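One chain follows as structure tokens, the form predicted on its own.
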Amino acid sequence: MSDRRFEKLLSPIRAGVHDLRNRVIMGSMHTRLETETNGIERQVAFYRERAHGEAAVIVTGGFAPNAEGMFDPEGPRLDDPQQALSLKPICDAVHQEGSLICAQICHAGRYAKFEGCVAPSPIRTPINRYSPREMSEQDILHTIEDFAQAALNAQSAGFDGVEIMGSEGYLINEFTVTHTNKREDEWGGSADNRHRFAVEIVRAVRDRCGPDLLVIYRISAADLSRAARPPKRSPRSPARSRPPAPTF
């Protein structure tokens, strides 16, 4: 690829101790290949082909840091060190093609589709039949530890980094948004308190895994929660005239 329009995009860059052959990242996709027969082999073929396309960094679909964080009972997890090692062939295949690979760690929070899902506050999402249990202080501390251990398990399996899923309304995002966090302790209320969970997870991952692991934190540009949307005008209400657009 020699198109000068993309010269900067396709040029190498260094991230920590890692040399990236360009600045292209393949974002996470939930393929569900892990639930198929010969799931590892299927994932090896899938990610090898993407690495062959020369994306510098590939991000996997989401792995839960613990049982409560799974999307459903069949969802993949990273809390078992031995099970994590079974993913090593995926990392090896991507490395053979010259790319790096990061494991996404995602806690589904109130979107987990089973009884016993958890959230910062017991507020059910309209698209899930199950109401979440409000996390205790001990639950929160254990979950932070679980994120750190999942990252270490990924590192031991050969992943070059992790992507911490702090967006799309999953557990970490649920802590940061007032619509889903009604807590009155140190994990809710002020902006600093609502972001404490995310900050402590990133800190724990870095402390556990050292400076060489790539750490990506994924954040939403907009939360798109129902409370953040402007109210709909009643059909009986007369339409208001709009002010003229400002001229700059």
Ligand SMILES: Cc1cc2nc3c(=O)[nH]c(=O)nc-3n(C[C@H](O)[C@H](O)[C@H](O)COP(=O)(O)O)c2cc1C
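The numbering used is simple: start at 1 and walk along the sequence shown. Note that this is a predicted model, so its numbers are computed, not measured.
In what follows, reference is made to the form predicted together with the ligand, a form of this protein that is not presented.
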Any idea which of 209-217, 187-195, 50-58, 24-32 reaches within 4.5 Å of the ligand in the model of the complex, heavy atoms considered? 24-32
So in the model of the complex, does any heavy atom of Ala108 sit within 4.5 Å of the ligand? no
Flag Ala151 as yes or no: does it have a non-hydrogen atom within 4.5 angstroms of any non-hydrogen atom of the ligand in the model of the complex? no
Can you tell me if Ala103 lies within 4.5 angstroms of the ligand in the model of the complex, counting non-hydrogen atoms only? no
Can you tell me if Leu78 lies within 4.5 angstroms of the ligand in the model of the complex, counting non-hydrogen atoms only? no
